[in-house]
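The same protein chain appears twice below, in two forms, each given on its own as C-alpha cells and labelled structure 1 and structure 2.
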Structure 1
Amino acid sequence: MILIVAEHADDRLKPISRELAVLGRELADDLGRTLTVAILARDPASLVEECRALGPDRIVTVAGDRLEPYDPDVWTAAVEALVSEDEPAFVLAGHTSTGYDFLPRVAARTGRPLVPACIEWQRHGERVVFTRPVFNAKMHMRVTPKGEGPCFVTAAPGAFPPREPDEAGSGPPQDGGEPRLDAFDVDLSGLPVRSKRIGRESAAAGALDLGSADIIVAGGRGIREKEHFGLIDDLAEALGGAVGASRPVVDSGWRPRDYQIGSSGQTVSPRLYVAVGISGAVQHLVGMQSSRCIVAINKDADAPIFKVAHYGIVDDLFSVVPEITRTVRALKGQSPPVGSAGSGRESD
C-alpha cells in the first residue's frame, strides 16, 4: 500500500496534495499496490469529497481537535500510528514547511529511510530509484531505499503536476468504484503541548499563486532595470498568467522573494512558462523545467535556457515582448492599459 498524507488549509486541499496523488498513483499502479489518502483534521468529513477526486482506492480519516492548527508532535504521533497499523511500502508527503517537519520525525522514530525533495522516480527491476537535487540543485542524486518498508518520501512542489482526468496515471481506482472510507482512532490527548501558534500571516492578496498558475511569465537579469519589469507584468496580464522572477531579479530587489523560481525559491509546473531575459542557470532550471511548454526569449543563442525550451526566440526582448503583448491583446480584443510598459516604450 502507498500512503499519502494530505495537506490542507481552510477546509481545502493544498495543491501539493494533488501532486502527491500523481506520484502515489504512479507508484501504486507500477508496483501493484493500493493507494490510500490520509486526512488529519479537526473535521475530516469536509475534505472527503476533494480526496475522492484524487482517485485513491481508500481514504482514511483521523479526527481530533489537536490536529488543527498544525502541531508537529501531534501529526507525528498520528502518522506514526497509521504507519504502524497499515504497514505501507511508501509514505508520501509534500516537501513543504509542514511535510518536511513531521515526516522526518516519523522516519526517525521508525528507523526507516527518508528521501527528501523527490523530483522524479524510476523502476529498475525490483528497485525503485528516486531522484533528488543536491548541492543547491547543481547535481541530482539517485537514491534507492534498502530493506523492508516503509520508505518515507517528500515530493518537491511542482515536480508531479496534476494531470487531466483522461491521462494515464490519474483518475479513479482501477475497479471504477468509490474509494473505501475508513475512520482511524488515535489517542492524542496525552501528548504534551510544546508549541503554540501566536498568529498567522498570509501573503498579500491579488497576485496569482505561482504553484497553481497555468501560465507564468518570468523575468530575469536581461530586463536590466527594475523599471523595465513592466514588460513582464504586461505580457502576464495579457496572457492571464502570473509573474515570476529569477534569483538575480529578487536579489536586486526588483521583486519580492515570493516571486523567485528555482532551487532556492518555488518549483512550478505550469502549462505555459515564458522565460524572458533568463539565461538558464541550473538553480533556475530545476524550478521550472517540468513545465508543459517552455518559451524562451533571449538574445544569447547559447543561453542554457534554450536546452530545455520547447520554443525559442533569439532576439532583443525589448522588441519581441511588447510585440507579443500587442498581438495577444489584439487576438483577445483587449485594449492596452494607459501607460502600459509594453506599448510605446522605447527599447534600450
Structure 2
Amino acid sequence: MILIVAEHADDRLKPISRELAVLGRELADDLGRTLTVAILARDPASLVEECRALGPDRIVTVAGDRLEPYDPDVWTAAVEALVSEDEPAFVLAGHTSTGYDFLPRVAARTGRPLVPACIEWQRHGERVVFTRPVFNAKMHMRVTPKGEGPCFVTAAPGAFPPREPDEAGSGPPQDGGEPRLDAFDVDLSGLPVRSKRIGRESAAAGALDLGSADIIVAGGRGIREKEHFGLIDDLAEALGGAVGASRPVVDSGWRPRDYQIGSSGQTVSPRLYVAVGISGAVQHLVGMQSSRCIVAINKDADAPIFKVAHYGIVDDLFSVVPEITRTVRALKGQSPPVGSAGSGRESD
C-alpha cells in the first residue's frame, strides 16, 4: 500500500495533495499496490469528497481536535500510528512547511529511510530509486532506500504536476469505482503540548501584487549591491513590466519583502519572466516556472535556472542587461504608430 498524507487548509485540499496523488498513483500502479489517502483534520468529513477526486483506492480519516491548528507532535503521532497499523511500502507527504516538518520525525522515530524533496523516481528491478536535488540543484542524487518496510518521501512541489482535467485518460480512475472509506481511531488528546500557535499573519503588507503582471524582470543575488538594482528597474521599465526579486535580494534589504517571488513569497506566471542574476533555487523555481516564456541571464552556466528557461545568456549581467534595455528601447522607439524620425531598427 502507498499512503499519502493530504494537506489542507480552510476545508480545502492544498494543490500539493493533488501532486502527491500523481506520485502515489504512479508508484501504486507500477508496484501493484493500492493507494490510500489519509486525511488528518478536526472534521475530516468535509474533505472526503475532494479526496475522492484524487482517485485513491481507500480514504482513511483521522479525526481529532488536536490536529488543527497543525502541531508537528500531533501529526507525527497520528501518522506513526497509521504506519504501524497499515504497514505501507511508501508514505508520501509534500516537501512543504507541513510535510518537511513532521515526516522527518516519523522517519527518525521508526528508524526508516526518508527521501526529502523527491523530484523523480524509477524502478530498478525490485527496488525503487528516487531522485533528489543536491548542491542547490546543481546535481541530482539517486538514492535507494535500504531494507524492508515503510519508506518516507517528501515530494518537491511542482515535480509531479496533475494532468489537466480535459486531457484524455485523466479524471478519477480507475477500475475500482468508489474508494473504501475507513475511520482510523487514535487518541491524540493526551499528548503534551510542547508548541502552540499563538498567531498567524501575512509577512508582507501585500502592497505589490505581481500575480497579475504580464511581464516581470526579477533580480537576484548576482546583482551584488543594492545600488545596482537600477539595472533591473531600467529593463522592467523598457519592457513595460513589473520588478520582482529572489530571496537573497529581500533578505539583504535591497527590496521590500513583497517583491519576493518563490515558495515563501508570491507565485507568478507572466507572459515573460526575465531572471537576472538568479541561480534558481528550488524555492524560487516553484514560484515562477509556469511562466510562459522564461529568460535567464547568469554568469554560471550550471545555474539551475537554465533548466526551466526558454532562452539563456551566460555572461556578466552588468554587460548584458544594459544592452538588452538599450535594444528594447530602440525597438519601442521605432514601433509607435505615429511615424517618427528615429533611426532604423538595431541590427542583429
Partner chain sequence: MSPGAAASGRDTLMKVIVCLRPVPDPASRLFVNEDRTWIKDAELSFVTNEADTHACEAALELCERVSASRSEAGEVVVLSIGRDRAARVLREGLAMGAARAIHLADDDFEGGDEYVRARMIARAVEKDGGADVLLTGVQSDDLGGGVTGVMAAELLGWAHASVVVGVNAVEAGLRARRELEGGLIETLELATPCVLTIQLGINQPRYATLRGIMAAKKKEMKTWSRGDLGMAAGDVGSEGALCQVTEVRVPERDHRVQMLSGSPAEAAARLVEKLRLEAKVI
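Residue 1 is the first residue of structure 1, and the numbers go on in sequence order from there. As the structure is a prediction and not an experimental result, all values here were calculated from the model. For the two forms, the rigid core is made up of the largest set of C-alpha atoms that agree within 1.5 Å on superposition.
A.B. asks: Name the structure that is the form predicted together with the partner chain; the other one isn't.
C.D. replies: It is the second structure (the form predicted together with the partner chain) rather than the first.
A.B. asks: Taking the rigid core as reference, does R132 move its C-alpha 2 Å or further between structure 1 and structure 2?
C.D. replies: It does not reach a 2 Å shift.
A.B. asks: For F102, state whether the C-alpha moves by 2 Å or more between structure 1 and structure 2 after rigid core superposition.
C.D. replies: Where the cores coincide, F102 shows only a C-alpha shift between structure 1 and structure 2 that is less than 2 Å.
A.B. asks: Tell me, please, whether between structure 1 and structure 2 the C-alpha of V308 is shifted by 2 Å or more, with the rigid core used for superposition.
C.D. replies: Yes: V308 shifts by at least 2 Å between structure 1 and structure 2.
A.B. asks: For P256, tell me the Cα shift between structure 1 and structure 2 once the rigid core is superposed, in Å to one decimal.
C.D. replies: After core superposition, the C-alpha of P256 moves 6.3 Å between structure 1 and structure 2.
A.B. asks: Given the rigid core as reference frame, how large is the C-alpha shift of V217 between structure 1 and structure 2? Answer in angstrom.
C.D. replies: It moves 9.6 Å at the C-alpha.
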